[in-house]
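One chain comes next, on its own, written out as structure tokens in the form predicted on its own.
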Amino acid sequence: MDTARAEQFVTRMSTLMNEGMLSVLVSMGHELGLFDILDGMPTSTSEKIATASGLTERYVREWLGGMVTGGIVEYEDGKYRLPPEHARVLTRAAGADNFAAFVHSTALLTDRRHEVLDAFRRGGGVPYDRYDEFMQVWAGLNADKFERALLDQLPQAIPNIDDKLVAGIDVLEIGCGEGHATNVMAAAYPNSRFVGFDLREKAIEEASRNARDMGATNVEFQVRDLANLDSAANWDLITGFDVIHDQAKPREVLGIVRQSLRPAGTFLMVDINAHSDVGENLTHPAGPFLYGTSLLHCMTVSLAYDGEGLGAVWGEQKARELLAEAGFTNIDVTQLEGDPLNAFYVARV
């Protein structure tokens, strides 16, 4: 035994124990809105913070103890302060950069751990309808991301697409969820026609409601199983944002996407930036987060429907393989500045 290595690992596990509990406390702070309250307050006592948040002081004080010892909140002479450098990535005002929301999503996934553990033993998986709250959190993060960055990123990923959208084309988003991307694009390009498909009825209802609130007349949403799409060549642009890897039948879906595009059409697939071999992901900055999210959601929801179970970390090599198998012969993969987590696949015939 390498004694030094053993001691280093004990230190790492001790750190993990603390950080794991700290992540639970961060999740609670996000859900209770405590980071948002602290961001708007001067250095204050736990009593004042509890009053401002409408919460019980004793619980707030104990939570603050975890935040202080975890290096997130500052403490001096019985008073607490959230530094602005920390607030910028912990509050709802941070939008898609709100790490507290990401941490909260992890906590929500652990609510399904017993069902996933059962799948370890029995096979199968945990279906989509067990993840409503998790999907709501991700919908909020995606809304911020799309509203802030999508319109800037799209022309970078697909040359000349802006001119085509301005002139007017037919666009389909598969797995549209709550429709944030589709609604943002529909508002920006009134001459183009947009449709969003998703299997979840609640998500489609919200997407349609948001479209009505916007007064958009060039967009509609439909409950549709992606494995049973109409393969008629009706679309100039099809988009899929983090949706292919958790499909039960990804090869069939990609094949139908290919058939559904007009001759000069484009498929924009945004998915996780990673390699297909775990050995090549050793230095990935979000490796454990991605594999954990995949295990507790992306992979298991596919297996719940007797699917392929690609998982979130299916990687560029596997993605290229499946796109080529579907009939795409021209595949460009790019990363955009400020978005290290995603790869943008632009696939054409």
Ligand SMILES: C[S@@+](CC[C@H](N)C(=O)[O-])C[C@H]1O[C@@H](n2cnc3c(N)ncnc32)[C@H](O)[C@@H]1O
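Source: prediction; values computed, not measured. Heads up: residue numbers just count along the shown sequence, starting at 1.
The form predicted in complex with the named molecule is left out here; the points below concern that form.
At least one heavy atom of residue 135 is located within 4.5 Å of the named molecule in the predicted complex. With a 4.5 Å cutoff on heavy atoms, residue 104 does not count as touching the named molecule in the predicted complex; it lies far away.
Interface membership of residue 225, defined by any non-hydrogen atom within 4.5 Å of the named molecule in the predicted complex, is confirmed. Among heavy atoms of residue 128, some come within 4.5 Å of the named molecule in the predicted complex. The three marked residues, 199, 242 and 247, each reach the named molecule in the predicted complex, with a heavy atom inside 4.5 Å.
Note on contacts: among 254, 176, 219, 171, the single residue with a heavy atom within 4.5 Å of the named molecule in the predicted complex is 176. Note on contacts: among 260, 153, 98, 142, the single residue with a heavy atom within 4.5 Å of the named molecule in the predicted complex is 142.
In summary, the region of this chain contacting the named molecule in the predicted complex, judged by heavy atoms within 4.5 Å and restricted to 273-281, 113-121, 176-184, 80-88, corresponds to 176-184.
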